[in-house]
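Just the one chain here, the form predicted on its own, laid out as structure tokens.
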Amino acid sequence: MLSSRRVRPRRTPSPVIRITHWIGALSMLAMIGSGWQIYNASPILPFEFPAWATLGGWLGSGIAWHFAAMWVLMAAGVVYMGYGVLSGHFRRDLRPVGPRAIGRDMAQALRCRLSHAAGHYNAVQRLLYTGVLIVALLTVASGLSIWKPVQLGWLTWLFGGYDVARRIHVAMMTLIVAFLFIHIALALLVPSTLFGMVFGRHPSAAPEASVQKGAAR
């Protein structure tokens, strides 16, 4: 008698997630560089960003790059959000877990002992990804409030006025930059996740299956 057991293949990001991820990443880099160019025209803190880190070369060009990248990012974001809700991706993969699980995984991460299973989001990842989605929404809202302070006066008022909204916008962008550094570092530590996000499959080309054979008398 022969018996066999198939192991479910590890999940990889769907094409929608991969495409919107890379479009969003490139758009975000363009928005950060152009945003720093816009910031340098009227700094609100006692420093300016170096010219090599900015995009546009001058204020008008920086604004043009910022708005162009903004529309691309918003389009990718709408597709991603719609897919995340309709496919159950948000509910299944990104729904935050309890504080006990977050504390446990955070402690393991700080000791560099946090294991990663492909296709599974641990508590730290869920917290980071959920947090950056909230930050991204605040970044868009605050950006719109300082772009159209008259037409969207109610939104500017909710943020406490133009000057406060601008400071919030800069703070949210700073959090996004910090997230990108953490995200890239984690991707380099677990390169199989980067491979899956680029190629849509895992480095191992062989199917994961095990067959057990035995004879019955």
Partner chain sequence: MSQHRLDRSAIAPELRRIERRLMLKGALSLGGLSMLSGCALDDEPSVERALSAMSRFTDRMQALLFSRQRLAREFDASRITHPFPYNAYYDESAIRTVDPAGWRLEVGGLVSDRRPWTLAQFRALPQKRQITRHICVEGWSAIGDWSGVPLSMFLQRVGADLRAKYVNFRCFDDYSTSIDMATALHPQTILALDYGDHALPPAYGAPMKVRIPTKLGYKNPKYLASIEVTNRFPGGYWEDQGYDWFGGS
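Values in this document were obtained by computation on a predicted structure and should not be read as measured data. Residue numbers count along the first chain shown, from 1.
Although it is not shown, the form predicted together with its partner chain is what the next lines describe.
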*asked:* Can you pick out, from Ile38, Leu180, Ala171, Ala187, the residue that has a heavy atom within 4.5 Å of its partner chain in the predicted bound form?
replied: Ile38
_Proximity to its partner chain in the predicted bound form (heavy atom, within 4.5 Å), stretch among 135 to 143, 88 to 96, 67 to 75, 122 to 130_ = 67 to 75
*Contact test in the predicted bound form: Leu59 vs its partner chain, heavy atoms, 4.5 Å*: yes
*With the cut-off set at 4.5 Å between non-hydrogen atoms, does Tyr83 touch its partner chain in the predicted bound form?*
no
*Classify Thr54 as contacting or not contacting its partner chain in the predicted bound form by the rule of any non-hydrogen atom within 4.5 angstroms, answering yes or no.*
yes
*Does Phe49 reach its partner chain in the predicted bound form, with heavy atoms at most 4.5 Å apart?*
no
*Residues in 77 to 107 with any heavy atom within 4.5 Å of its partner chain in the predicted bound form*: none
